[in-house]
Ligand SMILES: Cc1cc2nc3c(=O)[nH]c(=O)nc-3n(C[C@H](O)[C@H](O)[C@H](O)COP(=O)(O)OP(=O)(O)OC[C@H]3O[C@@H](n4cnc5c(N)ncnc54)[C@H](O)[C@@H]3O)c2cc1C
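Have a look below at one chain only, the form predicted alone, in structure tokens format.
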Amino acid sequence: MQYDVIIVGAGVSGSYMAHDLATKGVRVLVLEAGRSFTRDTYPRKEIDANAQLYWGGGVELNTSATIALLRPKVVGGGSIVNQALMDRFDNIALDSWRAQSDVPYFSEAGLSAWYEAAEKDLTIQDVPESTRNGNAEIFAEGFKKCGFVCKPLTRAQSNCRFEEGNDCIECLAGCRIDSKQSTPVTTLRRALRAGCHLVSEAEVKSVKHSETSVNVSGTLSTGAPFSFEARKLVLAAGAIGNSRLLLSERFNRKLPWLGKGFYTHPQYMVMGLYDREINAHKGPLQTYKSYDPGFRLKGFKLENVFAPPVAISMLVPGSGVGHLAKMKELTRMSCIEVAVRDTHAGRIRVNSDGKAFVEKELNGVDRERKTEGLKAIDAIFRSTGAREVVPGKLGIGLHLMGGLAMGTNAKTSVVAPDFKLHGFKNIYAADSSIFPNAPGINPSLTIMALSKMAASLMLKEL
């Protein structure tokens, strides 16, 4: 079949662009390296979910092994393994983007209509405080006692039926009742109904382009090769995936900034141990976020959160009998994470085999932001009666951003304001890889908004 557009990656950006293009009659092919699941086939064990839903069997590490990078490999991408938190960026984030990129529409006014369009594709709700679990109660109580400000999280969800005993910790491996508004039950599903073609378990390894077409090739999970051609290509494989593909093809010869400007919002989970049952794994996994202007200005945010046992075991320090003793108190653990709005950019490179590796560290400013966040968490736990505070021993990179930064200057950016790679008429990107720097806010809704903007520009050309 002849395609108008090939999209590499069936995550948030790829699904949104496929939807907006296919529903307008564009012939779209989506290629995804990961598997396709339904609510009946998502893995039910944590160890299986790690192996089947992520690159690297669950975790990849930066070169110094200080940050665990979680990169989804599944149809639906981050919308399958995240908690579907929906926040618009504020002017603090967008002003910094505009200053760095010179892109004029990076402002609340410039993106407002696109945010509204993205929100219409979903059911978005505040997490009801009436359903909060013991972990959320500690978060809210500690914030009040310490004089901090928090508010309920906003999430893409519909009828989670917590009263029936549903626990959102399972959503980290895909929602078994399809209440989480993942793209396979929203935009991607509608795209497929409109005629979009999806090939899963198809890893793209090569891109060849001309003035009039783009060819992509790679291998299926069976080892069989594939090759497809279209008029235009959309890169939607995320910061690492997009950078790896282009660096392997030596695009950095024309795009010197390729792979640079990588950010992760490094997150550090801290456990508070109590002499009572907390059951942080029950009900909504997350309910609150910090809404304290002081925290925002200091470059960090807090959220109540938890993780399944394997993940917690990787974070709890110690070994042997001491580690086992901590893990036996799992139901008495409360957990809060600090997410740092990182200022020090990392870099994505590829080795001679085409494998990506990430150089990413915290600088002095980032370490200070982390320290301030940890102090706030310690105060919250102490004020609510925790008998011990246990910091996690490893940073986590959940929001993988950059590598194809957007900007007007081809020497210090990769993607132009029209979402095309500088100097390339038919290769686009609109996912988190184009972020100029770290916004300090959950990125999903902004990825959706930017993807809808990019699709509208493509439609005018097509």
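A residue's number is simply how far along the shown sequence it sits, counting from 1. Computed from a predicted model, the values in this text were never measured in an experiment.
Note that the form predicted together with the named molecule isn't included here; everything after this is about it.
- Comment: the named molecule is not present in this chain, but in the predicted bound form one of 160, 356, 81, 122 has a heavy atom within 4.5 Å of it, namely 81.
- Think of it this way: in the predicted bound form, the named molecule has a heavy atom of just one of 67, 405, 31, 421 within 4.5 Å, and the residue is 31.
- Look at 411 to 419, 59 to 67, 395 to 403, 36 to 44: in the predicted bound form, residues with non-hydrogen atoms within 4.5 angstroms of the named molecule sit in 395 to 403.
- Site residues 13, 55 and 73 are all in contact with the named molecule in the predicted bound form, judged by any heavy atom within 4.5 Å.
- In the predicted bound form, at least one heavy atom of residue 77 sits within 4.5 Å of a heavy atom of the named molecule.
- Although the partner is absent here, residue 234 is not a contact residue: none of its heavy atoms lies within 4.5 angstroms of the named molecule in the predicted bound form.
- Although the partner is absent here, residue 8 is a contact residue: one of its heavy atoms lies within 4.5 angstroms of the named molecule in the predicted bound form.
- The shortest heavy atom separation between residue 137 and the named molecule in the predicted bound form exceeds 4.5 Å.
- Contacts between stretch 410 to 434 and the named molecule, counted in the predicted bound form as any heavy atom lying within 4.5 Å, involve 431, 432, listed in sequence order.
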